[in-house]
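The chain below stands alone, shown as structure tokens; this is the form predicted on its own.
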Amino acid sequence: MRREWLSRDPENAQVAQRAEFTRDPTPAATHFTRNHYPTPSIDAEEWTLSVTGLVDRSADVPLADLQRTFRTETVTTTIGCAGNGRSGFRPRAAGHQWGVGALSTARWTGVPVGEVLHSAGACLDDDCWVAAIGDDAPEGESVFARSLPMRKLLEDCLLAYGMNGHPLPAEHGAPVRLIVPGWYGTNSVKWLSRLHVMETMLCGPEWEEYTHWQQEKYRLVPQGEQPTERETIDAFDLGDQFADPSIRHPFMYGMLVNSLIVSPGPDESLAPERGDSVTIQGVAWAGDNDISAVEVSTDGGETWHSATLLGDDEQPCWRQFGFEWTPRSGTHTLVSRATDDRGRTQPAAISDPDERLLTIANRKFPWNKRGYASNAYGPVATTVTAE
């Protein structure tokens, strides 16, 4: 079993075994899939990308022109669903009950977004927004669209038509999808059909058909509240949004620091020779930021030990880590916690909804109605038995 399916139509599946996270890159057949609507059938030869809005000349770019005319790049990045870890929320949050498998790393090949925007004479000001619009919504459903700040699109985003050296598979957004490194996967719009340059986010009656997935969903909203529509924000890293009191219902943009033990696996029995060590392996990631340290606990968070960061820091990719542990007989609870280069460390638990937290406080992540973005280490502990 390479993936665990949560639904087949639309296709939603998570990585079935944590050990898959040690593979580089994650194969397309194993990479998690998060789709809101059934996978559309799009003829690549008929497909075009429309570039509209605040541009000198509107354009419709065919796939062949995208591949031949513009500079090609390959970007390796970790993508995580905003709902990854939702099954750890108590009481249960709404939506698919993702475990920890809605997370993968792949190599994406395509054209830097800035190349196409520049060719259309788009307004490239830092305060501009670009609506990335997908082509998967059935008739009568809200169009899947996300508003992205121009500064991020010009920095490192990609119009991807290849995955791990092969053509992009249909379930992963073919013919072309957007890749937004370091940000939650909801921003990497699949089956991309249009880029619309504008002065604000998608908002207001004019864009009613397009605002659902931008203004209502993928917001961090506490119990008993409804998200308030906004035209713009200045902070995109989720930690920075937490720190901005004017953003009461943060948007799912830049990922929080997080980590996960991948080996030993959950409920695994260990039988090392007396005195021999066991290597605890894991991955840590921090969105647009770097991982500065990872600690490992073998007693559920009572005591902590420094892990060794492995490999190069290929931001914004996950970072492998390891810790040599000599276990004693008994049952042990293994957890990891990572710290990013801005000094932010994972909290221990998810709050109770009645606490109505709006930010990470008292070592707790704020419970929210859709179970988004938790980076608490407590709900994802690994229990092993050493004999």
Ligand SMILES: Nc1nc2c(c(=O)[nH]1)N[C@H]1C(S)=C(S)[C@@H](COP(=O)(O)O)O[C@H]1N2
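Since the model is a prediction, treat every value here as computed from it, not as a measurement. A residue's number is simply how far along the shown sequence it sits, counting from 1.
Keep in mind the form predicted in complex with this ligand is missing from the figure; the text below concerns it.
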Segment assignment from 110-118, 233-241, 189-197, 220-228: heavy atom within 4.5 Å of this ligand in the predicted complex: 189-197
Interface residue in the predicted complex among 359, 67, 333, 35, criterion: non-hydrogen atom within 4.5 angstroms of this ligand: 35
Single option in 171, 73, 288, 156 placed near this ligand in the predicted complex, where near means a heavy atom within 4.5 Å: 171
Contact test in the predicted complex: residue 177 vs this ligand, heavy atoms, 4.5 Å: yes
Exercise: residue 144 in contact with this ligand in the predicted complex, heavy atom 4.5 Å: yes
This ligand contact in the predicted complex: residue 185, any heavy atom under 4.5 Å: yes
Residue 284, heavy atom within 4.5 angstroms of this ligand in the predicted complex: no
261, 295 and 364 all contacting this ligand in the predicted complex, non-hydrogen atom within 4.5 Å: no
Residues within 4.5 Å of this ligand in the predicted complex, restricted to 115-137 and counted by heavy atom: 134, 136
